[in-house]
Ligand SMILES: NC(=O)c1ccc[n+]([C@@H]2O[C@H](COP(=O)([O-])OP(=O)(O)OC[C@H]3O[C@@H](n4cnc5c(N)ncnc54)[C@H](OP(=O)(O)O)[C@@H]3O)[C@@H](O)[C@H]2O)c1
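Here we start with a single chain on its own, the form predicted alone, put down as structure tokens.
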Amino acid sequence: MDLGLKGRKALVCGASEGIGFASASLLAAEGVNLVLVGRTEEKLAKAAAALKDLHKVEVDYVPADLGQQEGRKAVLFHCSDPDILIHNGGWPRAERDFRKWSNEDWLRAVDLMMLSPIELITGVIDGMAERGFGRIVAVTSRFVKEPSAELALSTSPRLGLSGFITGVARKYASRNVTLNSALPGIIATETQFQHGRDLATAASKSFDEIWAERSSTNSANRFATPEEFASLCVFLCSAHSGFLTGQHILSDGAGYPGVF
């Protein structure tokens, strides 16, 4: 299926590995030129070279920490006119007991997972509207739909981002600019492999035991590949998805127990 994106330009965050790299690769396969964002220049350069060689598209990159305002400014200075924005950011590393979170912990989490994507969206969306095409996808988390107390430092800012996306989507829908969030379940990225190793060490279990236990938390009984989840993100960026906006779409192997 031709997604109608050839010659477009995409700004992809967290693009040196995992979901971000998979999304960039699928976009490049559609003839989309890329600007990659990540914190580590060496990893970005390697990813950019691989994508450029494989797909014969233009690939640029910006090393930046999106958890810092200076990093966001650098990205927007380098690429203020993308047709596509995929925001794929990090999450806070903190004690899981909400009683122990400080005001600084909360401010850092809000800055990283709410203000970071909002600032990038605000910086590019009017240009998209003027050109008559724009696709914005924020990668958040399945826990937006099933919050838990120990993950509230992550889910609370992301719920705020969800409200922002839905409200702004209504304002720009008539200009062929869409905003959606994609909510991943467990994805087999290096981050998840490391998390599995950490859990195995803490529980005095083997990695395979931990991986099997975590795989059983959804009805598919497995982790998704980064490419599976990235395919959702990239379809939301396509020319065919112009009527799909203001939505928060879950891809978790039927792990979420609810209907809506």
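Computed from a predicted structure; not experimentally measured. Each residue number is its position in the shown sequence, starting from 1.
The form predicted in complex with the named molecule is left out here; the points below concern that form.
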- Counting only non-hydrogen atoms, which stretch in 230 to 238, 26 to 34, 191 to 199, 48 to 56 is within 4.5 Å of the named molecule in the predicted bound form? 191 to 199
- Task: Could you confirm whether L120 comes within 4.5 Å of the named molecule in the predicted bound form, counting heavy atoms only?
- Result: no
- Message: I'd like to check something about G246: if you look in the predicted bound form, is any of its heavy atoms closer than or equal to 4.5 Å to a heavy atom of the named molecule?
- Response: no
- Is there a non-hydrogen atom of T40 within 4.5 angstroms of a non-hydrogen atom of the named molecule in the predicted bound form? yes
- Just to confirm, A169 within 4.5 Å of the named molecule in the predicted bound form by heavy atoms? no
- Message: Can you work out which of V177, L85, C79, V139 has a heavy atom no more than 4.5 Å from the named molecule in the predicted bound form?
- Response: V139
- Message: Please tell me which of I186, M128, L153, I165 lies within 4.5 Å of the named molecule in the predicted bound form, judged by heavy atoms.
- Response: I186
- If you check in the predicted bound form, do G18, L66 and G89 all have a non-hydrogen atom within 4.5 Å of the named molecule? yes
